[in-house]
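Here's a solo chain for you in structure tokens, the form predicted alone.
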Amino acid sequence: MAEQKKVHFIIERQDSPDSAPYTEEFLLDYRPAMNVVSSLMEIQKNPVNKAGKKVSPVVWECNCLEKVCGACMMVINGKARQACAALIDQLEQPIRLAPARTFPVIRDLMIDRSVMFENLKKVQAWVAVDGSWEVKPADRQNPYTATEAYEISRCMTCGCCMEACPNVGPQSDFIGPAAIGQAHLFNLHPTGQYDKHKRVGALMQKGGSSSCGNSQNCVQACPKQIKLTTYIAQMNRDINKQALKNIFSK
């Protein structure tokens, strides 16, 4: 009888936000069509490490399981990506899993991505409808920018771009590529463009678009292939126009 094929994981774990990280190894029986999430589910059902010791289940986060929500983002073999879309057959073993340390670690592979949502607040990444006027059918989206807007709207706020960017982290106050892309998205919106000056103004502040080093790692890391550096450049153009307008309007 042929020996059962195994899948070897080396997982970086952390018991609490303030505790030291450590690694733990696991062996799983291989099955066709496994992905990283299904593997973590197997470990959760029977948390026994490679040495045969029963340990606490590995903690991670997931939701949609179809590369839409972004919740299962982690570093897999050194690359930030979605665990639900990471197929075991396409990964080199041993498979190394680690949390995205650009963000605070809650436990094991679960991270706190709150900073991304706070950054969306800074750039007012929404269409303001306060109830003070009658809501009517929305204005038609500009057909020349509709494709561009659709592409940016696919952002999952997963954090891959933030993890890959060398300018994001404690060494910098850079707001990150995701928020800048969303600011551009809502500036393209027929109603959202009324608050364009506010979004541009927010990105003129410290940590805004000028803190981007144009490494273009974000484009490579984005699971939705969003052309983030292109939209950062377009926002820089709008910022320069606003800066000149501010000078000559004094």
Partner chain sequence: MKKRIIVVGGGLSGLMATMKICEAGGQVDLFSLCPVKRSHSVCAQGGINAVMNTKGQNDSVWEHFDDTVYGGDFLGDQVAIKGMVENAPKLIEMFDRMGVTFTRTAEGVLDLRNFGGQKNKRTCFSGATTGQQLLYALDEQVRMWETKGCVTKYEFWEFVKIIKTKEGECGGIIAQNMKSMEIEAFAGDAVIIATGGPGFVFGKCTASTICTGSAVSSCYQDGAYLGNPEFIQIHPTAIPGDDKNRLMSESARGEGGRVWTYRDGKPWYFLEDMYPAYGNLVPRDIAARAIFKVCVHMGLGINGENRVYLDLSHIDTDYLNRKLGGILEIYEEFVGDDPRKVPMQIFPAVHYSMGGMWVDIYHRTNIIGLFSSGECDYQYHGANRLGANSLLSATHSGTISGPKAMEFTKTREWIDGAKAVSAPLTAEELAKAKADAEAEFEKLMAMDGEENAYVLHKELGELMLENVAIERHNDRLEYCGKELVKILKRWDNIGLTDKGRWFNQEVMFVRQLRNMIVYARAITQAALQRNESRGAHYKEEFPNRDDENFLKTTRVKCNPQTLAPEIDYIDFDHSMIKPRPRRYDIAKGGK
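Residue numbers count along the first chain shown, from 1. What we label the rigid core is the largest C-alpha set whose atoms superpose within 1.5 Å from one form to the other. Everything quoted here is computed from the prediction, not taken from an experiment.
Just so it is clear, the following notes concern the form predicted together with the partner chain, a form of the same protein that is not shown.
This chain is displayed alone, yet in the predicted complex one of V219, M204, V59, L27 has a heavy atom within 4.5 Å of the partner chain; that residue is V59.
Put simply, R31 is close to the partner chain in the predicted complex: some heavy atom of it is within 4.5 Å.
Using a 4.5 Å cutoff between non-hydrogen atoms, S211 does not count as a contact of the partner chain in the predicted complex.
Interface residue remark: Q171 is not counted as part of the site for the partner chain in the predicted complex, having no heavy atom within 4.5 Å. When the partner chain is considered in the predicted complex, N77 lies well away from it, no heavy atom lying within 4.5 Å.
Contact residues in stretch 165-181 (any heavy atom within 4.5 Å of the partner chain, taken in the predicted complex) are absent; none meets the cut-off.
After superposition on the rigid core, displacement of the C-alpha of G78 between the shown form and the other one stays below 2 Å. In the core-superposed comparison between the shown form and the other one, the C-alpha atom of Q141 has shifted by at least 2 angstroms.
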